[in-house]
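Shown here is one chain on its own, the form predicted alone, set out as structure tokens.
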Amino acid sequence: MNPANRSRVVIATALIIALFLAAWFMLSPVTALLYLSTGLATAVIVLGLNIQWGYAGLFNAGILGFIALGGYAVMWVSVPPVPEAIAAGGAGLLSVIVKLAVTAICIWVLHLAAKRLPINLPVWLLRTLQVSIALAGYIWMKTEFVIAVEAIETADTLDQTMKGFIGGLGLPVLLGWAVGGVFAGIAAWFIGKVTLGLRSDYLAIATLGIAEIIRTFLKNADWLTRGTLTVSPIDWPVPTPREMNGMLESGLEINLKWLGISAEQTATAVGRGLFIAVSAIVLIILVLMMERALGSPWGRMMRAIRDNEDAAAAMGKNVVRRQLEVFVLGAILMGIGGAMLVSLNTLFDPSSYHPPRYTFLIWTMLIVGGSGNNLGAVFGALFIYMLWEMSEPIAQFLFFGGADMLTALIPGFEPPVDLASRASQMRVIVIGVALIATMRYAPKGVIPER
């Protein structure tokens, strides 16, 4: 690392520590720990975007879709099944899955056969045949799928809070983090096969549209996700604050008063501290792996493709195939990060996924931190997220304090009644100012690409 970047890393680390300590002393220790744990999970997502954009120059505007798939995966893996719903519609769903697999195999076999025919089959004819098979498969399975879903949603269950929901697998939550990456990677492969090779603006539009399709499906598939009714609680890979509280009541002694943590906050602080430890281990492993990949011949090839696709293709590189690799790899990290966020919140709510929070704020984190640099991506995630969260309480303090001062100084002055809602909007202004300042004084990011 060159001296300029080294000094930037020191400054960036100091900024993160300062924000964390400000949250610790101005708000509360457990709030500061919550910000840090959420920031670490978000850093995994930004790291995935850095792989796509910083390594290969792929403009992905559909980050939200991969995050949502990761969140669904951890819910599906960790939540126990609902036996009554499975008994009512499980056989029908299994039949639909078999029919879907048969349809997909037929389309793939036709694709392979077209390559080996002694005559060149026109592309339009091949696509027409494949679409016809897909349409026939849809008609073949539609009626059975509707019947199975209706049976699941109307099945009477012992636990009425799970009525209309098929449930999950009831497996360890860490497995759900891995499955979240797998789900996002599979989706990215299909999306990449369709969209890669398009111009960057078309790629952005396509990924944004597909992300909205994924979000809308998860929001409306009540039998699969409970839709707007949400699924809770989602397990943690470590003892939750409630479990820690039970341990403390059963005789476990932990004294954190020397850190300013009261006895009532000890269980929450210890639980979140353990979650931070697990998240930090996952993030460090991923950063080390990505650093090794970036410094390898593969990483140099990806940057060459990013800088000049035509020159890389002239050297014999399969540009679209390599872009597909890096697109899937980045999506896997986004899925893992999305699973970590849902696990931390102990709640899966498909209606909570909004583009401003899960796409555009993620892009802001990477731009501020520095694309093409993994440490920059991690810094941007932690810095922007903490700044985003702390802007509202600081603005409320300033707004209400200023209103009280003006009320005392100016007779008859009445502050606006919506000061709280105005303070919540300050976070957008603060992030905008941070982005503009970065583009003006550090256009390549706080920790730029080496």
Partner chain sequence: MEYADLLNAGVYFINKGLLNAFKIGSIYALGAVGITLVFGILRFAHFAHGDMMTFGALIAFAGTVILRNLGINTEPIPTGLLALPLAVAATIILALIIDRHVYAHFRASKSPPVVFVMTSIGVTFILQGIIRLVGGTGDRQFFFTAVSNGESIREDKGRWLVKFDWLRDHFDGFTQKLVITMPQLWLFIFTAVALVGLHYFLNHTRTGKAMRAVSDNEDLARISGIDVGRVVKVTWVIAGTLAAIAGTLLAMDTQYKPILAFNLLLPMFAAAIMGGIGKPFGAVAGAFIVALAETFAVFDWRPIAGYLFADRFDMTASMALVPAEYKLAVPFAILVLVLIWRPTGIFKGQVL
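Computed from a predicted structure; not experimentally measured. Numbering follows the first chain given and starts at 1. Only the largest set of C-alpha atoms that superpose within 1.5 Å between the two forms is called the rigid core.
The form predicted together with the partner chain exists for this protein as well; it is not shown, and the discussion that follows is about that form.
Residue contact check for Arg242: none of its heavy atoms lie within 4.5 Å of the partner chain in the predicted bound form.
Interface residue remark: Ile431 is counted as part of the site for the partner chain in the predicted bound form, having a heavy atom within 4.5 Å. The closest heavy atom approach of Gln425 to the partner chain in the predicted bound form falls within 4.5 Å. When the partner chain is considered in the predicted bound form, Phe400 lies well away from it, no heavy atom lying within 4.5 Å. Exactly one of the stretches 155-163, 340-348, 122-130, 289-297 approaches the partner chain in the predicted bound form with heavy atoms within 4.5 Å, and it is 122-130. A heavy atom within 4.5 Å of the partner chain in the predicted bound form is found for exactly one of Lys99, His111, Lys142, Arg303: Lys142.
Checked against the partner chain in the predicted bound form, the candidates Val320, Ala313, Ile284, Ile205 yield a single residue with a heavy atom inside 4.5 Å, and that residue is Ile205. Residues from 185-215 that approach the partner chain in the predicted bound form with a non-hydrogen atom closer than or equal to 4.5 Å are Val194, Leu198, Arg199, Ser200, Asp201, Tyr202, Ala204, Ile205, Ala206, Leu208, Gly209, Ile210, Glu212, Ile213, in the order they occur in the chain. For Ala56, the Cα coordinates differ by under 2 angstroms between the shown form and the other one after the core has been superposed. Shown in the overlay between the shown form and the other one, fitted on the rigid core, is a CA shift at Ala395 of 2 Å or greater.
In the core-superposed comparison between the shown form and the other one, the C-alpha atom of Leu34 has shifted by less than 2 angstroms.
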